[in-house]
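Only one chain is included here, represented as structure tokens and corresponding to the form predicted alone.
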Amino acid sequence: MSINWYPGHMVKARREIEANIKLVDIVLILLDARAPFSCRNMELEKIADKKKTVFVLNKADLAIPEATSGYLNSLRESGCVAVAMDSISGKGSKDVVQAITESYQEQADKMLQKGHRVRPVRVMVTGVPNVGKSTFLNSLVGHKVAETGNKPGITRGKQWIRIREDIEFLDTPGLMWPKIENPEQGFKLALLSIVGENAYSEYEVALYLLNILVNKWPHVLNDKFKLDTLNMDETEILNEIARKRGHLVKGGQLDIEKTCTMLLQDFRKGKLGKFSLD
């Protein structure tokens, strides 16, 4: 599935990030812990390549812990600074602060050597849309400072947020790249609601999810939907789930659209369990 989702505000977001990159010391890039490599925006990383970068695998509560550890090790082995965080509970926030502090230490030492006072580190928070930047910031501060939502594109304007005396965050809008060429990556980003809902077919993404579940986590289908057998294709499984859930329209026809929406929402909210897709 090829996705072309680059609404007008993305152009503005890119210009804003390019204009403000000179104001910060560190760029913090949030990735969805369920598919961190699929979420990497190489254009964004190119913009930030002259700044120290910290990767945060956000939404770690929704991912398989062992897989997250493997993702972190892979990033670290490639020379990246990487930590994981669950922004709902705040677990991992100390690791984030430590990574920022350590990344800033060299610059802080230079200020001291010149006889200057060490100013608060300035951190730009970036990532693709709907990766949880606002929830992440609210979690670190301890109260609501940024608007949150479950759709891409909530954060549109520049915000400076001080989370403690020595760290200031610059919140930025989510930024996508113009076209997702890899079909598998496109399905993953749609499944994670990284791209806008008008860019994909819920039916196709629901079938993709069912294919993953059948091949990797069949117990989920048995446990959550009480299916008697999985010896059928994804379309038949979708129909059977619709029957089990009583999703019908007038005339007794199956309401497949409602079933697709339910499947995707349950996956995104963690109701089907923890998953790692990369």
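Predicted model, so just to flag it, every value in this text is computed and none were measured. Note that residue numbering begins at 1 and tracks the sequence as displayed.
What comes next is about the form predicted together with a small molecule, which does not appear here.
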Checklist entry - Within 4.5 Å of the small molecule in the predicted complex, heavy atoms considered, which of Leu191, Val128, Val123, Ala82? => result Val128
Next on the checklist: Quick check on this chain: which one of Ile88, Ile161, Leu207, Leu75 has a heavy atom within 4.5 Å of the small molecule in the predicted complex?
Outcome noted: Ile88
Next on the checklist: Please pick out the stretch from 67-75, 199-207, 99-107, 128-136 that is in contact with the small molecule in the predicted complex, where contact means heavy atoms within 4.5 Å.
Outcome noted: 128-136
Checklist entry - Is there a heavy atom of Glu43 lying 4.5 Å or less from a heavy atom of the small molecule in the predicted complex? => result no
Next on the checklist: Whether Val195 contacts the small molecule in the predicted complex should be assessed with a 4.5 Å heavy atom distance threshold; does it?
Outcome noted: no
Checklist entry - So in the predicted complex, does Leu175 come within 4.5 Å of the small molecule, heavy atom to heavy atom? => result yes
Next on the checklist: Although the partner isn't part of this model, could you tell me whether Asp61 comes within 4.5 Å of the small molecule in the predicted complex, counting any heavy atom of the residue?
Outcome noted: yes
Checklist outcome for this item: Per the comparison in the predicted complex, the Val27 and Pro173 C-alpha atoms (change 3 Å or more) are positioned closer
Checklist entry - With a C-alpha distance change of 3 Å or more, do Pro173 and Thr101 lie closer or farther in the predicted complex? => result closer
